[in-house]
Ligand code: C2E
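The data below hold one chain only, encoded as structure tokens and taken in the form predicted alone.
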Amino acid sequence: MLDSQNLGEIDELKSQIQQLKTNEENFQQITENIKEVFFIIDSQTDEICYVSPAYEKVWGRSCKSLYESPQSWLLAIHPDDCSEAMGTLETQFRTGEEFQEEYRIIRPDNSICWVRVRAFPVRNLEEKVDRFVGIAEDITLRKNTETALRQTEEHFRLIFEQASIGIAVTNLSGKFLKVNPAFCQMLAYSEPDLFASTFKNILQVGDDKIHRKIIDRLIQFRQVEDQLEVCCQTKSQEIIDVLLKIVVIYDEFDQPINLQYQLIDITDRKRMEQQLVYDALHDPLTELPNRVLFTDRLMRAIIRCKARNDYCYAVLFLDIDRFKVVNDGLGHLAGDELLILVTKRLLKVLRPIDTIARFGGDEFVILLDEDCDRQTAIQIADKLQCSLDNHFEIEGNRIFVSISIGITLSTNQYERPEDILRDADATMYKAKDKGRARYEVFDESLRAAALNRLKLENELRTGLLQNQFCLFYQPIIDVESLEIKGFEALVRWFHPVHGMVSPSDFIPVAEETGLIIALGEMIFEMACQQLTDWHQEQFDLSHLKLSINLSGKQLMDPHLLGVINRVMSRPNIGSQRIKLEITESILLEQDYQAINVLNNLRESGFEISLDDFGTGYSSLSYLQRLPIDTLKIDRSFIQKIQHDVQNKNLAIVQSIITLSHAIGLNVIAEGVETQEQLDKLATLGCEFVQGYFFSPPVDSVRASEFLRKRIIEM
């Protein structure tokens, strides 16, 4: 029998066995649930005694396969790492020391896994190593992260070193810690130069304070970056414009530690921007301010005038007289050179505080600033005109020019620049109307006239839409037979309120606004319709010519020939029935395109008549070069021959008639009002006349009565 002592020992042994089972269960739970591989290696045989289940996930192989082939875990080591790993194991197993190793293993699916192996020797009672206990950890993610970090650092280094923009790192006080080559090159400093300095020292005075405020604001509000445009000074003292980006670098505790600066040289861009602004505000030919800049300065003057009782200014609107003659005669390059030379002379007259601008073409506008009363404005206008007294030498030609000037003085009534410019422009045209080469000062009557002109323009547009126009006809008479050889078609406007409006009032407005194109087309339509009506009434039109006036703007209209062809397409209307009248001034003021158009019309069968001859500056000798068939002597010559004691005007008229006949032109004398005038014209051989002596312009009914009789009864 077992005594109580033996029973106690048995119970103790059972307790120890149970504790061992518990410890074994705990060990198994730990090893089976940790993600690291736990292993035990026999130090004598180098074989695996135990490996935890995590082995299957890390090595990708079953634990069973390892027990069956204890060296298989070594065979999985990557060939590039195998030699070093095996050498470490051999050394450490021989010496019995703790070891640690990192190497790659190749899983059965050929994927790569990095592991870190740590092993510790376990000694027996005799202090000999009989096994190693270790842990193998999957460090693939860490290795990949380290690789990516190294690549990122290398990438950043390459970017930093090779970047075309300047990059620098400083401490919070601005002391340079790192700079890239582009930064040094941009500022012409070496690295040692910069490391001995601070960022503040390369900024222009004023910009350094702005840059410091931005840094303080970024740090205060925990912001990362901002950018601004500043000026930097290079080592050679050159000032360059840069776009500066400031980045605050924070540590892991969200505390600012460094500053990164990125610099882009924008000097060329800034210069280009400045040039674009300059170009937008200046005339490219003369380099004077243009309309935009001038209007801005004039607006400032208007505001100052309202704010200060002692401030006054004046605006002068200038136009070069007969500039088109120079431009067309010598060419646009010569015209441009003349504008430049005129500009230089005008500038010599003006004060530094004044502004002269070119508005385009040959128009200049001057702002006489500060204390410029009426007398001062007139004195400067006189000097401006005198500055052009001497001739200009251009391409071997002597050119004399003059200017017409409109002067407008400041008042508190002006609110907008366009108002005062409008008045100055109107005043300049008044100076031109009075003979050019002079100045005029604006008065309220001009504004009233301008308003009336605007009102007339609006009513003229309405009149065209509502067909308020009709034609009157003045007969053209054969001097010998007194037979009607034609009519001149003259437009009349019957205003619903004002009645008959004089052509001298509305024709200039139609010319200026371009409405003459629509009006001219309407006149041509009505004239041709009248010829159609007369044909249907069976009037004898075989020797009849209907004269229709063409304005300069019509002659230069590219659609003119198309309009005429369309109107002439109606039955029984031929070009031989129509004579087109142009004024002498058209040929003086228009370019060669006008003559080409006339040639085309003449080739189409139209006769061309030159109206108002003698009022221009042309000579008789140039007539043979013009595509004309008939010459109309202006009424001013005819009216003077009756009381011409010295017979000067009679001699002029006789010369015109004689030369016209010599070059094959018919002659019509306008404005015949007396029998004496008719008799003298008959004596001089003038074949056709027109005037109130025979009939004023009459409506279509009265003109039809003339046609029935064919001969004017005196």
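Keep in mind that what you see is a predicted model, and the values were worked out from it rather than measured. In this text, residue numbers run from 1 along the sequence as written.
This protein has a second form, the form predicted together with the ligand, left out of what is shown; the following refers to that one.
Engineer: Heavy atom within 4.5 Å of the ligand in the model of the complex: which of S575, S410, T170, N549?
Structural biologist: Of the candidates S575, S410, T170, N549, N549 is the one lying within 4.5 Å of the ligand in the model of the complex.
Engineer: Which of Q385, T355, T286, Q474 has a heavy atom within 4.5 Å of the ligand in the model of the complex?
Structural biologist: Spelling it out, the residue with a heavy atom inside the cut-off is Q474.
Engineer: Given that the partner is absent here, does D423 sit within 4.5 Å of the ligand in the model of the complex, heavy atoms only?
Structural biologist: It does not: once the ligand is placed as it appears in the model of the complex, D423 has no heavy atom within 4.5 Å of it.
Engineer: Indicate whether the ligand has at least one heavy atom within 4.5 Å of a heavy atom of T427 in the model of the complex.
Structural biologist: Outside the cut-off, so no.
Engineer: Just to confirm, N180 within 4.5 Å of the ligand in the model of the complex by heavy atoms?
Structural biologist: Outside the cut-off, so no.
Engineer: Quick check on D319: any heavy atom within 4.5 Å of the ligand in the model of the complex?
Structural biologist: No, D319 is distant from the partner.
Engineer: Would you mind picking out the stretch of 35-43, 678-686, 665-673, 57-65 that comes within 4.5 angstroms of the ligand in the model of the complex, counting non-hydrogen atoms?
Structural biologist: Selected range: 665-673.
Engineer: Out of 488-526, which residues reach within 4.5 Å of the ligand in the model of the complex, heavy atoms considered?
Structural biologist: If the 4.5 Å heavy-atom criterion is applied to the ligand in the model of the complex, 488-526 yields E488, A489, L490, V491, R492, S502, P503, S504, I507, I516, I523.
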